[in-house]
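Given as structure tokens, the chain that follows is alone and in the form predicted alone.
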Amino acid sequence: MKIEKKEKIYEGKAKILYATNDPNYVVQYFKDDATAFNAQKKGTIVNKGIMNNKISAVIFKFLEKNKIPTHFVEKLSDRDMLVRKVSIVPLEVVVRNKVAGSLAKRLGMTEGQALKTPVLEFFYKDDALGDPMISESCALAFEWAKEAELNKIKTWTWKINSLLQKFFDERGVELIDFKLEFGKDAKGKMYLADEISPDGCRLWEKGTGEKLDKDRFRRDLGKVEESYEKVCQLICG
């Protein structure tokens, strides 16, 4: 069946989802809109959508080859990605390999400080509440995920972290931390969803420590587009 892009069914801060003529698939459109601090800061990063679509496609393909099921099907155009239709589990899963961002602020630590082991954190997906951090027992108590689903998410997340640390390292980039989202299809099968890009990863250049991610937008560091372009070139060639 030839996939046809139809009506808009959802618009988020960075992407738009469109229905297709197949109920099992949707088109994920990547925008240039940029937000930070739970959308308190807004702006535009020129061609961000094109670059994030390209980067995410490469990384999803890499993870699929390494036995991580993702919602990715194919890259349709510069900004359109065909993905499996999933219901997102309302949890953001964050992995931290070094101290940075909110962890540094929360614990009063210096950014870049090494961790003896990576840290995994859960946040409840709710913009109005500022995506508060929660415990695993909270996720179970409110039935946002079942115990077996949480265990699967944790297992996949640790594997993804190991795979991506090596993936980025081989390209001259250090993976400081990153956010993942997961979703379930109509049959209840779990997939890695959303995107993996400089929007949701802290990426520092090896050797220099130069930030190559959305922190350049958050903190008004300048050279935002140039940093995204650098990551895109390193990842996609």
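On a predicted model such as this, the values are computed, not experimentally measured, just so you know. Just count from 1 along the sequence shown to find any residue number.
Separately, the form predicted in complex with a further copy of the same chain exists; it is not shown, and the next lines address it.
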property	result
Partner contact for Trp144 in the model of the complex: a further copy of the same chain, 4.5 angstroms, heavy atom	yes
Interface membership of Val99, a further copy of the same chain in the model of the complex, 4.5 Å heavy atom rule	yes
Contact test in the model of the complex: Arg106 vs a further copy of the same chain, heavy atoms, 4.5 Å	yes
is_contact(Ser77, a further copy of the same chain) in the model of the complex, heavy atom dist at most 4.5 Å	no
Listed range touching a further copy of the same chain, judged in the model of the complex by heavy atoms within 4.5 Å, from 67 to 75, 116 to 124, 80 to 88, 163 to 171	116 to 124
Members of 131 to 163 lying within 4.5 angstroms of a further copy of the same chain, judged by heavy atom, in the model of the complex	Pro132, Met133, Ile134, Ser135, Ser137, Cys138, Leu140, Ala141, Phe142, Glu143, Trp144, Trp158
